[in-house]
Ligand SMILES: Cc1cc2nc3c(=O)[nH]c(=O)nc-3n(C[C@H](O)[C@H](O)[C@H](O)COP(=O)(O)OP(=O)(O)OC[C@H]3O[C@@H](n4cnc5c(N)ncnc54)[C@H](O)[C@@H]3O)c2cc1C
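Quick heads-up: it's one chain on its own, the form predicted on its own, in structure tokens.
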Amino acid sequence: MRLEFDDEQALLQATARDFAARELEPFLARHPDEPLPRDSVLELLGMVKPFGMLSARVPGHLGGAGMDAVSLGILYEEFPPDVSLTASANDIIGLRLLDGGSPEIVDRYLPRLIEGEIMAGSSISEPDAGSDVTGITTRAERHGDSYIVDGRKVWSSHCTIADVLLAAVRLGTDDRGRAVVGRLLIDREQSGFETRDLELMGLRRHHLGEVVFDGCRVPAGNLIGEGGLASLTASWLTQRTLLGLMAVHLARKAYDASVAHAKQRRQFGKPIGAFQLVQSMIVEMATLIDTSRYLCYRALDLLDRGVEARMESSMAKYYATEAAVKVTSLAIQVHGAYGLSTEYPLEQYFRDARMLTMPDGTTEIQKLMIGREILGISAIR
């Protein structure tokens, strides 16, 4: 068992860490803690494109980066989560287009997604359908050479600035009365829909919003296959683990700040790092970060080796995101009253970490999926 990066991966890590500190963090610092303007998002896509983040999971022979999962994970650990979340949309939608998209649709949109010329968004969740994708009620009814879409989506990534949305829709029911779910690529220039950004407690530079489809007419050729749940599930296996590494990034930031503060801040004539209770918090933070990293890279390594890793990816996401909430909370405690000040980044690390426990399956959903893999019994259905 190898627990270290090889030389190429170690170089990628060093390069990405330097780029994040030199370019990405100053870029974000120049923008208020609110959804980035569209032109800034496109600029950000251009900045990370050379690292392959816009097409990491698209095969090389189709113009993508064709990156292995561990290397992609390194980028997600080193780059700020607001950056990774922004870049991931084009990558994920590009991958999903290849699963059921017509050659015409792939040729029309994939190169532009890879180049960062257009922005993609994902529109799956609904007020009453999150982890239960089969509970989707947004309808797409066939009328001649078009589908008419009606329904409401929430937590849709980039919906207010996206050029195209990949929306999960209900096409009807099968002979057993179960929902037939399909995926439609909805181009803003072709089909009108209403959007608004949702106000978030954390990750505020990222766009999450609400979409309303009211008689939205979409060309029938934009259907990316019926079913499609297997494609969604496969991409989620990687994405859950990558979310875990975004959490590791935040935890590391909070930990580094806490170590520096514990060495510099003096009370009762000595650094607070000399006190046992402060050392206890620092040790707990370091241990939570290390275990999170190993769980995440184990899952990605298994995926690279062709193992489905359903349990391991859920473990990585559940553990790493909850650990980041704990670490960032401890960091606030180490800083004392300073940790509560918005002049310090600790409270933002905490808010951002708390956000990551929700996407792509909450902590509770991850536990149910892990339980299913261990026991062979589903607690859901």
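The numbering used is simple: start at 1 and walk along the sequence shown. In this text the structure is predicted, and so the values were computed from the model without any measurement.
Although it is not shown, the form predicted in complex with the ligand is what the next lines describe.
Novice: Where does the ligand sit in the predicted bound form: which of 266-274, 173-181, 151-159, 300-308, heavy atoms within 4.5 Å?
Specialist: Only one stretch qualifies here: 151-159.
Novice: Work out which of 137, 291, 190, 131 lies within 4.5 Å of the ligand in the predicted bound form, going by heavy atoms.
Specialist: Only one option qualifies, and that one is 131.
Novice: By the heavy atom within 4.5 Å rule, which residue out of 25, 18, 364, 373 makes contact with the ligand in the predicted bound form?
Specialist: In short, 364.
Novice: So in the predicted bound form, does residue 92 come within 4.5 Å of the ligand, heavy atom to heavy atom?
Specialist: Output for residue 92 is no: heavy atoms all beyond 4.5 Å of the ligand.
Novice: Using 4.5 Å between non-hydrogen atoms, is residue 222 touching the ligand in the predicted bound form?
Specialist: Residue 222: no contact with the ligand in the predicted bound form.
Novice: Residue 146: heavy atom within 4.5 Å of the ligand in the predicted bound form?
Specialist: Output for residue 146 is no: heavy atoms all beyond 4.5 Å of the ligand.
Novice: Is residue 358 close to the ligand in the predicted bound form, meaning a heavy atom pair under 4.5 Å apart or at it?
Specialist: Yes, residue 358 lies within 4.5 Å of the ligand in the predicted bound form.
Novice: Three residues, 123, 208 and 368; all within 4.5 Å of the ligand in the predicted bound form via heavy atoms?
Specialist: Yes: each residue has a heavy atom within 4.5 Å of the partner.
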